[in-house]
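The data below hold one chain only, encoded as structure tokens and taken in the form predicted on its own.
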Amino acid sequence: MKSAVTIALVPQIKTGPWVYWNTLEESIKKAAALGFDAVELFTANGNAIEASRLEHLVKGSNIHIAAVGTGAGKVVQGLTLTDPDAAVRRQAVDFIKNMIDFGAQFRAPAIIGSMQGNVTAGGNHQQSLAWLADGLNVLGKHAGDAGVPLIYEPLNRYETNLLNRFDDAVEFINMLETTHVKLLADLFHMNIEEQSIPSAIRKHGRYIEHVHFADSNRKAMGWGHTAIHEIATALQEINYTGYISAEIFPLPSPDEAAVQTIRAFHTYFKK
């Protein structure tokens, strides 16, 4: 398994659960100095960073890009895959395609979290899931053609009313036409929704492509009450080899959150 830490470069999401907020160069250098294997990027769009510049930075720091987040599409532009307006849904697909292409240059998948949207007031749940399936089918094929998976993230009930539990998410993606959609196991969301996180991981391990490493309070792992030892054991049992990425609040400071994260990673995954 490999460690990663988040970097957000979108001012509108300043209150979100991302560790580093400074310049890209400084954040990458800090991550590399602490021994992280990679960084997970949240940018305004797929053109926000010149690829050659990013390539220079990651090569110079001997670090990788773990994944790219698409959340700015919703936060900044108000786009989701389940908007009742077909034109908005098309814009959402185009935005995510652009993010897929950006990440694919670094063999990094795009993550669909908040851009999945919600069933709007008075809306129909099955219709919203049909819209979500339409979008994921198009985007999964696009990701496959680009040589990367597409990562779908089940969110907790307070952030979406579409799919919250792994059982439901797995059933849903198994009905898609594309086989390139995989799942993100976010330990913060799973702590709210799953009866047993280790059991969910063991049951659906072959679908897991990315892990968000966050404690029950969305602080760095070890600063909440998540039973991480049992979760780490489950990830090892399914032979998970992907990234363990800290999508957490930068508390009490970004540097302290990052230090605690890499300490916890080495404690549970690098024995």
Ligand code: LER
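Definition used throughout: the rigid core is the maximal C-alpha set that superposes within 1.5 Å between two forms. Being a predicted model, the structure only gives us computed values, none of them experimental. Throughout, we count residues from 1 along the sequence that is shown.
The form predicted in complex with this ligand exists for this protein as well; it is not shown, and the discussion that follows is about that form.
Here the marked residues 83, 117 and 134 all miss this ligand in the model of the complex; none has a heavy atom within 4.5 angstroms. At the 4.5 Å threshold, heavy atoms of residue 167 stay clear of this ligand in the model of the complex, well away from it. Using a 4.5 Å cutoff between non-hydrogen atoms, residue 88 does not count as a contact of this ligand in the model of the complex. By the criterion of a heavy atom within 4.5 Å, residue 219 is excluded from the residues contacting this ligand in the model of the complex. In the model of the complex, this ligand sits within 4.5 Å of a heavy atom belonging to residue 159. Look at 118-126, 101-109, 170-178, 150-158: in the model of the complex, residues with non-hydrogen atoms within 4.5 angstroms of this ligand sit in 150-158. Residues of 16-30 that come within 4.5 Å of this ligand in the model of the complex, judged by any heavy atom, reduce to 17 alone. Core-superposed comparison between the shown form and the other one: the Cα of residue 13 travels 2 Å or more.
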